[in-house]
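First come two forms of one protein chain, each written alone as structure tokens, so that there is a structure 1 and a structure 2.
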Structure 1
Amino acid sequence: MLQIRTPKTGRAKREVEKRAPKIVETGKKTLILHGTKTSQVLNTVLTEIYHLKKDNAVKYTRRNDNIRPFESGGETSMEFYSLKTDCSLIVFGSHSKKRPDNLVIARTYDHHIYDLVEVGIENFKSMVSFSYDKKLAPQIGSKPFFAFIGEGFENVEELKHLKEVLLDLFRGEVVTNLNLAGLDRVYVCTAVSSNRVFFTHCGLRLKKSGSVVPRMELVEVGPSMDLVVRRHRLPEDGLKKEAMKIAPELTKKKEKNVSKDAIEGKIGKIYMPDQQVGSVPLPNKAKGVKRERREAKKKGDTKKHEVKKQKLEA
């Protein structure tokens, strides 16, 4: 027999409701995982990605022997962790002879793997190695700019995919109100060759330019690295279609016959059908024949009213 079970405390209920599917989603959470072996470089990379995303990320530090993305059955653990931590972006680092400094970025949909991109890390420069004015250091959780450069991001399928994944990974929450004073970070990605992307994180210095728009100046704050695309798996078509759905509540219905003008304001058009004067019968009242009788009726009414009033008075 089934049983109705509900959270017993308010806190538990709030937590469960936070994880429920929503029409407008809040930002995706990131989970950072380590493989069987990770090199020193990779450890730093994972830590620094965690630092970049600190407001919305979970980092696991244990080694995971049974996670093998791109292999059948090697994703169960990842999916389980995704469910457990409610994260839908997974960054998984592993180091092997065949694939040194390997970073797999996975996205999940409904806690099942949606797509995967595997990149190798080269020429890594840590945050620590950059020296800059600490006032320019980006604040946690600020909305980043993205600058993608190079035709590779349009022509090469892997890079196109990587572009989307990187954007999803770092963009944070979709906002409607933005404080212009809080803009302080830029992610610059450059397609150097058909499989290599130069990725760097910059701070932003707003300088006076004499006009409303300040002059932007990028200051590299790190980390910066080369991402060499290795394997990637695109989402299945059916899954993609489902994941890209927009709630029907959010799509605006086209407003017909209403136009807005700065000068005249809101203008509506009304369409009237033709008045077919000839064919429409005239209303009853106009019938002159019964005029006398109607008048008589009215008179009778007034008499009755008088009678009633008299009764009441009596």
Structure 2
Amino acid sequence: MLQIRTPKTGRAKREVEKRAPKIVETGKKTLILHGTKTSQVLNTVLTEIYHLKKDNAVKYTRRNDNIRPFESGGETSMEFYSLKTDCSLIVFGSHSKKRPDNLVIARTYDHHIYDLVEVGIENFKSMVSFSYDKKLAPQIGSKPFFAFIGEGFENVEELKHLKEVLLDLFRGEVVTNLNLAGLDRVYVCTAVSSNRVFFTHCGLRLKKSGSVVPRMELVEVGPSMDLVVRRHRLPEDGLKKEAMKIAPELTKKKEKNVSKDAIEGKIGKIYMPDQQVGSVPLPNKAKGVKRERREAKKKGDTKKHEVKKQKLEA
């Protein structure tokens, strides 16, 4: 295991801060590993996955004899390399008579194996075998579209799990806003059967459509392959609950008596107590009554004054 040391230089401190947990995480890095034996097809697959994620991937070419996914103790080296390279996604390739052209995709949480999906590669076509206009070649780091075709991605447990893993592997950094002009690639996944998925990578060609939204055409740029699901392992309930926790800073506090409507927008409710007008006692001396008495009193004083004047004149 790695020895824990406190950073002493500024560069080491900055590196530790990069690996520290963040409220909003950056894009996931991918680690590509080779098993004891790999075929030519598998080597090409691993190389092209590395090229598709070149801006956010680490590739090791040395053979690893002690990595055996789905076996107890066989995942220790994967977790060690994940911690060493700070990668949360691992792609491991191996080839044997029992499982030819075998590809294992693993996700980690806190540098421990979270879940695993094992697929077999069949009918593989590399990027070199496709002829197209090189201007349509997707740019490194661009955001992709995903198209999952077939009911199997909603009904079959293995394909639902594979869909989640493929999204995590190829989607890159999560963003809130996206420029349509920067979209230049599509990953198309078609559920052929309950355990087979046709996977291909296409470039986008934008054409005029007479409206604001352009018309899109797909041009296959590779790689293309069939993914046959062999084994998969879902995460444990306790680990899944811990991984799905949301930071308190990101959770919005619930506003009381406030709701939102798509048409009316923000709607608020105001609660007022019952006004029991009948039981409220009225004051004996109202302002209006006092005013009338004052006016009457003034009129009475003026009349008395006129009477006294008349008596004195008489």
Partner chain sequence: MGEVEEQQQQHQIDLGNLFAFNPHHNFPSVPPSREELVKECLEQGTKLVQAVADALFSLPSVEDRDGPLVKLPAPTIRLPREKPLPKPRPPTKWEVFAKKKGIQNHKKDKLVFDEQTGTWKRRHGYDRVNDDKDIPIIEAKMTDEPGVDPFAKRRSEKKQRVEKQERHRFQNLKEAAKVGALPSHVQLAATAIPITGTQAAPRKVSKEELQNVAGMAASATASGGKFDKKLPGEKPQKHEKKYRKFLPVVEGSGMGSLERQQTDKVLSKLMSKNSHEILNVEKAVNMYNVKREKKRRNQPGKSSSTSSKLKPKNPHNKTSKKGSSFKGKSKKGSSFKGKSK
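Between two forms, the rigid core is defined as the largest C-alpha subset superposing within 1.5 Å. Quick note, the numbers are simply positions in structure 1, starting from 1. As the structure is a prediction and not an experimental result, all values here were calculated from the model.
Undergrad: Would you check which of the pair is the form predicted alone?
TA: It is the second structure (the form predicted alone) rather than the first.
Undergrad: Since the chain moves as two rigid parts, how big is the smaller part's turn between structure 1 and structure 2, in degrees?
TA: The smaller domain rotates by 33 degrees relative to the larger one between structure 1 and structure 2.
Undergrad: What does the CA of Tyr271 shift by between structure 1 and structure 2 after fitting on the core? Give it in Å to one decimal.
TA: The shift comes out to 6.6 Å.
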